[in-house]
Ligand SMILES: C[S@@+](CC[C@H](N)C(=O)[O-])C[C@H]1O[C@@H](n2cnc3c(N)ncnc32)[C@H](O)[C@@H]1O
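The chain below stands alone and is given as structure tokens, in the form predicted on its own.
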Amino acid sequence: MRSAYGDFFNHDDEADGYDRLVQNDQDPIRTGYRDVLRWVIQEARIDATSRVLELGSGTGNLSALIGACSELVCVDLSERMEAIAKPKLTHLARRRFIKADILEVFSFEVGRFDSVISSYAVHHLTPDEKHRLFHCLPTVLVSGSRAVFGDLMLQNAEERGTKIEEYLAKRDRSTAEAIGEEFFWQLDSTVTELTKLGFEVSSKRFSHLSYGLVATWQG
């Protein structure tokens, strides 16, 4: 099981400049980036006893905010991004990197986790692939644990069309194309699906395009 666009979105070619790009708060795609990451770690409720799985670990900006954990398993396809991440994460002694697609990793023997975290990665999955991801989460979570995501999200399909028109009117073709060509989450269908699977779900908005989502596994 591997996502269709994982290799296309692995960011190897952008690795050296990635951290500089994400700091550009004037870019609608990046607005709220630092606040989103801090919120994800806060809501994941990680402590020194936690086993943590990070999907799409990139240059390590999210997991660098973890104070301590029992074990951190980071998953990403980009070795160049991982080379940048590694020096940021020396305070986490029990960290393991798996070079894999974020769907593919669920076919590995990774065990169970107290927290699954991810930022700005799952929007690269198609709607069907998000569906697969949501169904995989219970296989790696212990009862009462949390999957926490910070990402590019929209309320529903109607808002997607509205936002494309809005950014085209502002002559911001780059943002309009990103909304049209990538697979931003749709919150309405996501919350419905996760709830049906047995998760308790809550969300928080950070910008016009970014949200955080907590899915607490009740199984």
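Just so we're clear, the structure is a prediction, and the values are computed from it rather than from any experiment. A residue's number is simply how far along the shown sequence it sits, counting from 1.
This protein has a second form, the form predicted together with the ligand, left out of what is shown; the following refers to that one.
Novice: With the partner left out here, check for me: in the predicted complex, does some heavy atom of residue 101 sit within 4.5 Å of the ligand?
Specialist: Residue 101: contacts the ligand in the predicted complex.
Novice: Can you work out whether residue 6 and the ligand are in contact in the predicted complex, taking contact to mean some heavy atom pair no more than 4.5 Å apart?
Specialist: The answer is yes: residue 6 has a heavy atom within 4.5 Å of the ligand.
Novice: Does the ligand get within 4.5 angstroms of any non-hydrogen atom of residue 28 in the predicted complex?
Specialist: Residue 28 lies outside the contact set for the ligand.
Novice: Contact with the ligand in the predicted complex for residue 10, defined as at least one heavy atom pair within 4.5 Å: yes or no?
Specialist: Because a heavy atom of residue 10 falls inside 4.5 Å of the ligand in the predicted complex, the answer is yes.
Novice: Under a 4.5 angstroms heavy atom criterion, identify the one residue in 37, 44, 154, 194 near the ligand in the predicted complex.
Specialist: Exactly one listed residue reaches within 4.5 Å, namely 37.
Novice: Work out which of 125, 85, 74, 116 lies within 4.5 Å of the ligand in the predicted complex, going by heavy atoms.
Specialist: Of the listed residues, the single hit is 125.
Novice: Want to guess which of 169-177, 154-162, 54-62, 185-193 is within 4.5 Å of the ligand in the predicted complex, heavy atoms only?
Specialist: Single hit among the candidates: 54-62.
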